[in-house]
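In structure tokens, one chain follows: the form predicted alone.
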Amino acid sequence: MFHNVIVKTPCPSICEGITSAPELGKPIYEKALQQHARYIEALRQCGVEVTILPADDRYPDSCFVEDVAVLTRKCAVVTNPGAPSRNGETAAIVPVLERFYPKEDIHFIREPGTLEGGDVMMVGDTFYVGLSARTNAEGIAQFAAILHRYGFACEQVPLEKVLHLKTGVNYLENGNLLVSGEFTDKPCFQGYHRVQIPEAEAYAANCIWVNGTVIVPEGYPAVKAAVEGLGYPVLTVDTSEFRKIDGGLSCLSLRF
């Protein structure tokens, strides 16, 4: 169960966010704000308390608050983002985490290690971490050492094509994984019930489970039907403006 969620309001400079898909165009700020408000509404429908952080126009990608920390039931880890333009985002999250965790249980990834939360997927007491362009081996080693102090396991997953681990694989609890692309046949996930997402809807593999309900991106009927077929109640939220800068549902919140 999740009790708390942290989100960060999109800033006007969001249109300058990092993107691998410029053909989608730049985000429309006003529309992004509307979509973000609907996202918060959906989270609240799932029974969590939402902490809303103010926008920070210095960092166009800062609404993707998931990347700056990994929150567990025992400890918090402040990351060191692999994208240089995002390094400064971590400073703002520390005082917020101190509201929820004792200082001795807040840890930090240090240079030369890099880690982004979008590369971390929690499955019970095991954390799968993508070795990616944003998360390096040193960052994973530091993260694993922190987790082991609290009795958690860590497994590295080399990525071949996608930006972040959760771009293509997401855990919906009860042994169910949504998988797309390179994750359909990765050996480390063979023990799960894998639901393959069609290539045309690969973006929507990034769904989030929140207290029994699954939030699904709007406009992906095959994914919505697949999740409903697993027996989960579904809420849909439009994330089209965030997709333009490589963001999805999980990127927009820290859930703990």
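These numbers were taken from a predicted model, which means no experiment stands behind them. Numbers for residues come from their place in the sequence shown, where the first is 1.
Separately, the form predicted in complex with citrulline exists; it is not shown, and the next lines address it.
_in the predicted bound form, the residue from V157, V78, L163, L177 that sits within 4.5 Å of citrulline by heavy atoms_ = Of the candidates V157, V78, L163, L177, L163 is the one lying within 4.5 Å of citrulline in the predicted bound form.
*Exactly one stretch in 21 to 29, 228 to 236, 241 to 249, 5 to 13 has heavy atoms within 4.5 Å of citrulline in the predicted bound form; which is it?*
Looking at the other structure, the answer is 241 to 249.
*Though only this chain appears here, would H107 touch citrulline in the predicted bound form if you measure heavy atom gaps against 4.5 Å?*
H107: no, not in contact with citrulline in the predicted bound form.
*citrulline contact at G139 in the predicted bound form, heavy atom, 4.5 Å*: Close contact is absent here: in the predicted bound form, G139 is far from citrulline, nothing within 4.5 Å, heavy atoms only.
_Residue-level question: is G118 within 4.5 Å of citrulline in the predicted bound form, judged on heavy atoms?_
Answer yes; at least one heavy atom of G118 falls within 4.5 Å of citrulline in the predicted bound form.
_Heavy atom within 4.5 Å of citrulline in the predicted bound form - qualifying residues of 55 to 75_ = Heavy-atom contacts within 4.5 Å come from D61, F64, E66, D67.
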